[in-house]
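One chain is shown next in structure tokens, namely the form predicted on its own.
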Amino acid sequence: MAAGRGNTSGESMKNGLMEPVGGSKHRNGHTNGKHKNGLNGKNGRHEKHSEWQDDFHESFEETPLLVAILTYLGYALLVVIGQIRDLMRAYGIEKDKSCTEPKLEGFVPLFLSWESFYTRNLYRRVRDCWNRPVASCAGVRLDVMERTSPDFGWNFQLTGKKLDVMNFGSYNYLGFAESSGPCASAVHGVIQKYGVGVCASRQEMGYMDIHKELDELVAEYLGVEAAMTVPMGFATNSLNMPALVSKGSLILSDELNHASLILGSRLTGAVIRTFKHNDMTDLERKLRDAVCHGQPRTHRPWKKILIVVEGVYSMEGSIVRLPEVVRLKQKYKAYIYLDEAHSVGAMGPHGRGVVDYFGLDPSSIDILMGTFTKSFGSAGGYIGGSKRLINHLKVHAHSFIYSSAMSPPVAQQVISSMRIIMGKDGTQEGMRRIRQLAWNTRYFRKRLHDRGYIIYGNKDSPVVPLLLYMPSKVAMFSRETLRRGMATVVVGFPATPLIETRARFCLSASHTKEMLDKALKIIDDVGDMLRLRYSSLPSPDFSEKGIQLIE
């Protein structure tokens, strides 16, 4: 644990962390080029290079000026048309099919806002690209139920047909979202023994031996003293963070952190300051100011400073510069809260996340958080760290005290998949999947770069964003790829900046080379139709050839 500045003896224990005694959302623009070895403006400038930086490659190409202008004009046109149609509905010229709240005398509107205008006039037109019903196991392939809309997105009707498509949209990184195999068989046996539900919290009658086994296995897997598990991944952040920091503390949060981290930070009552995405220079500047100036008005030292980052950022595909964060944490006596939701299982030579990826000691991270909803094909989340930290959370964290304990079959799915990853099943299946995912990631990313698309993120991130920009192209890309046999996710405003709408591919160890090649062919066909080859930069020089696969 990091000791407080000037606190050489007898650190006090508060909220599960040693109490430091310190001294008195828009990203910082893109770089027009690739980021390699930490030398672009997005991630800060670093004169001295560590060994990890020599193989650290991220790409964030600047939006072409003409494309940005056309994208803004496209949204402006949609807003104007939406205002005209709202006016027509108000005068009865056009029938209003939206779900509007009743006008009650003396009451202010409950939910009427700009968001409802956006939903009614913009999102409604492309609503078929989201919330698609699935009628099969969401594995490497899935059955999407076909539906049509007779009134341009107000209502949908199922046709009764199913579309068998490749799944490039789920976070099934290691391919454990399966309806057959050793994990599914083990889950079936647990259902026969324990049933499906627990119907009680852990502090009452919901603590089973399978939960104890899961907690101990997670701690062993992460290489930490102890761990605790909770039944919901989102709540792992939002309901545990308030038990760690409180009023009088400072949270330094990456500007692109997940909504669960943002909510958890707000619930703490601490002061929140964001730093530019993955920008270590900006983070150090804010740390230095916090230590030097202390709290606003009083200038008293902060009770503690917590740096909140993610391992892999799910919209950007970028990887946290963790060695630099650890260096700053040690220099300024702060704490690190690391969210490994998208990186645990998917990153590192042993599948243990970005800590494993950079070869760091897990004890250098104060709070390790992750979820089981992605690489493990299950549900829930965990917090790992020291025994003192975990014991504190078990007494104070709302996610542990008030929620029903994790369902036994859900826990067994995590146990079974984690044992395979660790090699405890006596096979190399876990290592095979880890390496296959790493190979698939580099192969897929490299070929998209070669084709001239603007691709965001790190060369080793299984989250692969392809920039689409214009709102009309977002809907068309989603529809055309699905029609050709590929299901993917498209993301736009407000989940991304207005001019950075994108398709987001999530790679899996279950994807074969033939599937990847077919997906690339589909992307090429649709990309040529929509003219998506915006990149003006040379292709990066990384390759998948250095990854040795296990047959």
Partner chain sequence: MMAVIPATWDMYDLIQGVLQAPWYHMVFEVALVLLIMKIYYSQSFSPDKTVLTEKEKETLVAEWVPEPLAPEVPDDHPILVGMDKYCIEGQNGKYVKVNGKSCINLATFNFLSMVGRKEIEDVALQALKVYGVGSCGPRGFYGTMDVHIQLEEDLAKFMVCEEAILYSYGFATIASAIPAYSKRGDIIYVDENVGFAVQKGLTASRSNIRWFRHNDMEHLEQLLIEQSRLDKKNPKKAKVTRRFIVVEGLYLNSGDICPLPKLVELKWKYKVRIFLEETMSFGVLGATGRGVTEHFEISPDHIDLISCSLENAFGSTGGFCCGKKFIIDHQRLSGLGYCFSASQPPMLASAAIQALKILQDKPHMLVDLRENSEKFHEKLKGIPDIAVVGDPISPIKHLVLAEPAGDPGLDIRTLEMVVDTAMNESVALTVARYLEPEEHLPKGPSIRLSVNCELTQDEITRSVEVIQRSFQTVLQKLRTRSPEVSSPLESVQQDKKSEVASR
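This structure is a prediction, so every number in the text was calculated from the model and none was measured. Residue numbers count along the first chain shown, from 1.
Omitted from view is the form predicted in complex with its partner chain, to which the following refers.
For the candidate spot formed by 469, 512 and 537, no residue has a non-hydrogen atom within 4.5 angstroms of its partner chain in the predicted bound form. Taking a 4.5 Å heavy atom cutoff to its partner chain in the predicted bound form, the contact residue among 453, 335, 357, 456 is 335. Of the residues given (307, 270, 198, 421), 198 alone sits with a heavy atom within 4.5 Å of its partner chain in the predicted bound form. Remark: of stretches 434-442, 461-469, 123-131, 345-353, the one touching its partner chain in the predicted bound form is 123-131 (heavy atom within 4.5 Å). Its partner chain is not shown here, but in the predicted bound form it comes within 4.5 Å of a heavy atom of residue 396. Using a 4.5 Å cutoff between non-hydrogen atoms, residue 177 counts as a contact of its partner chain in the predicted bound form.
Proximity of residue 87 to its partner chain in the predicted bound form: non-hydrogen atoms within 4.5 Å are present.
Although the partner is absent from this view, residue 206 contacts its partner chain in the predicted bound form, with a non-hydrogen atom inside 4.5 angstroms. In sequence order, 400, 401, 402, 403, 404, 407, 409, 410, 413 are the residues of 400-417 having a heavy atom within 4.5 Å of its partner chain in the predicted bound form; the partner itself is omitted from this view.
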